[in-house]
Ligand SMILES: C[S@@+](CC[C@H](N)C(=O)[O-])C[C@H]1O[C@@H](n2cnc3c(N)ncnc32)[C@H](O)[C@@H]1O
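Before any questions on how it binds or moves, here is one chain, the form predicted alone, in structure tokens.
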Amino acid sequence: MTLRTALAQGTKLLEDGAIDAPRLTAEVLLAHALRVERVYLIAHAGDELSELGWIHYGRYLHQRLRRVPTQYITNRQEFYGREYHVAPGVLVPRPETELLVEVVLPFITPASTVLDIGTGSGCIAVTLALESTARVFASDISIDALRIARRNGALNTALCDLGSAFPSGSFDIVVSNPPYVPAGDVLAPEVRDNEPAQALFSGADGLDAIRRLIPEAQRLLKPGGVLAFEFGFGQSAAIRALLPTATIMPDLAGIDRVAVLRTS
């Protein structure tokens, strides 16, 4: 079987299984099975697929048909132009979360101290550290998440609830992508059955974690410090009620996504 034929068969299987972007997914999974980049598949489309390559490819296709996210199969996801290791212990980084980084960066000075609360994969903390000269810390309540964050390059980490490991007035900036999905929301099986529930769901209206985050951030921030956090679709009115002076930023789809507050 050639790589071209394997891709065609894999694409058909994924199409029949109602998997989004079946051709792209087949390419990603075949490239992962062969431990090559996707461009290799184009240049070598007529090459024979080895028996070992077919075994790996078939296993990955089967996992994807069972709705395991592609990122958990390959353990790879891009965020802000860099590749990060991901696994079922952390959320898969979303493109819309890049707005949180873009919003925070202008507030950072060379002497800034930053805390990423609920860091997960560490993609926000690592990005902020690499894109600035700030000293960036990261916290998470999950030891599995912190192991992944450290693997991704988050150096200053703390296992704790919110920022409880840190003294008051420690930071110039607090940033967070907290859980904000209402408990009753219906999610795609890729998310519902694979991504960690404690990083997704946050009470009946999805705002329990944010209600706890706000006073904790105010405790942690120095005077004039900045809090920035992500929230979900349809929650902007509730966020404005909680933080009347916050600035609300929309994502590229025009959906209100990030709240920014400078403390007094």
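Throughout, we count residues from 1 along the sequence that is shown. Please read all numbers here as calculations on a predicted model, not as lab measurements.
Separately, the form predicted together with the ligand exists; it is not shown, and the next lines address it.
Distance criterion of 4.5 Å from any heavy atom to the ligand in the predicted bound form singles out 141 from the list 141, 155, 99, 108. Of the candidates 126, 134, 148, 91, 91 is the one whose heavy atoms come within 4.5 Å of the ligand in the predicted bound form; the others do not. Look at 185 to 193, 67 to 75, 161 to 169, 126 to 134: in the predicted bound form, residues with non-hydrogen atoms within 4.5 angstroms of the ligand sit in 161 to 169.
In the predicted bound form, the ligand lies farther than 4.5 Å from every heavy atom of residue 112. Taking the partner from elsewhere, residue 219 is found to have every heavy atom lying beyond 4.5 Å of the ligand in the predicted bound form. Among residues of the shown chain, residue 50 is not one whose heavy atoms approach the ligand to within 4.5 Å in the predicted bound form. Taking non-hydrogen atoms only, residue 44 never approaches the ligand to within 4.5 angstroms in the predicted bound form. Looking at 206 to 243, the one residue that comes within 4.5 Å of the ligand in the predicted bound form, counting any heavy atom, is 212.
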